[in-house]
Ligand code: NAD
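Okay, so here's just one chain, in structure tokens, the form predicted alone.
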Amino acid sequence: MPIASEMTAFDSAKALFSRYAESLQLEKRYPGRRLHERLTLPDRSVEFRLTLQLDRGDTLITQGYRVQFNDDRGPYKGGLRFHPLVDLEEVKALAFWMYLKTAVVEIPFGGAKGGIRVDYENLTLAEKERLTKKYVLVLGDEIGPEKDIPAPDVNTGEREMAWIMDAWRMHHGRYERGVVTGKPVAVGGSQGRTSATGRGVFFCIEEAAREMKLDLAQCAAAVQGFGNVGRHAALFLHQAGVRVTAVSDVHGAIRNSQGLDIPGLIRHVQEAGQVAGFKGGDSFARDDLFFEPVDILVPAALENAITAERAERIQARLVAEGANGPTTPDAIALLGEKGVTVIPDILCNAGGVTVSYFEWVQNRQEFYWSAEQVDHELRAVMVRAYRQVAAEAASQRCTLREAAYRLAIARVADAAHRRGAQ
């Protein structure tokens, strides 16, 4: 196995799986099925060239990816990210985590992920649309409402999902709203989808705080990343009376020990494009956010943000992983030694895929729910999943992360076994 400094995100994902699967004794329970190997190899990995003529006449040549990791429990499901650092190993890791995530919250999907290696923010609007639609046309029949259903992720949102639905419609000659989730409500999206991941993070924090006997109204929090997940998590914490004292994004960080005005900060970011310059807080070094004297830390950006070096200096009692894979394996061990409670990503940020499932159900029925119903059902799913994980952790005397992995792996292994060896 690679040393920690050389581990890819996929190496880390497999290492955690192997660590937590060991006690399940999959080979003893399902002799001859080689389920450990089956569950750590993707069903299909697609890597392809994308060529885009830019508005100024130049040609952009880059790479696109789609990994369909496991569909033992249902159709492949997973987001689509457009970012300069996207590569196949990252996409495989994200698809791996997704099939575990859907198993933790017990929704009938598998796991997939996709991406394009591109500086998406610097493309024109017309270039963005052409690139997104070309991605769909290259994949062709690889995506569909009963096979593989994309959703938003880093640098994609409801606009891109509407483009994907339109490109799929043009390719197949029919409307099928359930081909993608995270769409605008006007074209079949679900109420509450945009805020779902952040709301799910908050529901998990509420449950953990209840167990830890933390009064949220007396707590302070720091949020790393102010994209869709971090922004909504910060807003829900603020509305619950938590002092959100520090926030960061890719450009910088701000803090206010008395608590930031989160609605005001959201308005500022919508206008300025970054947290820096907000008059209600003082700027400080972005990476120092992890070390703020807070009760709750929400990493809500990219993978491997919390390293062992950073974990040693974290003061928070509760870490809620709003991002996928934000904590390296050695940092996970250090936080455990320090007694920090960590709500793992495959549970904590599952609100997005849960409401994506609700959207898919609504699309198949062509019957749509109110925002209140969506929030009610999301809370029910997240609270049930958290309590199942917490009960497993208590009975096995293990961390929430190990408990979540144990439950997810056991559920997928059982489904794989029942489907047969072929």
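Counting begins at 1, following the sequence as shown. For clarity, every value in this text was computed on a predicted model and none was experimentally measured.
Only in words, not in the display: the form predicted in complex with ligand NAD, which the text now covers.
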Heavy atom of L139 within 4.5 Å of ligand NAD in the predicted complex | no
Determine whether any heavy atom of A300 comes within 4.5 Å of a heavy atom of ligand NAD in the predicted complex, and answer yes or no.
-> yes
Contact test in the predicted complex: A323 vs ligand NAD, heavy atoms, 4.5 Å = yes
Does N155 reach ligand NAD in the predicted complex if we count a contact as any heavy atom within 4.5 Å?
-> yes
Go through V229, C204, A95, A246 and name the one with a heavy atom inside 4.5 Å of ligand NAD in the predicted complex.
-> V229
May I ask you to choose, among Q224, T132, T328, S190, the residue with a heavy atom within 4.5 Å of ligand NAD in the predicted complex?
-> Q224
Candidate stretches 166-174, 191-199, 67-75, 234-242 - the one whose heavy atoms come within 4.5 Å of ligand NAD in the predicted complex = 191-199
Has each of R159, K183 and V383 got a heavy atom lying within 4.5 angstroms of ligand NAD in the predicted complex?
-> no
Select from 69-88 the residues with a non-hydrogen atom within 4.5 Å of ligand NAD in the predicted complex and write them out in sequence order.
-> R81
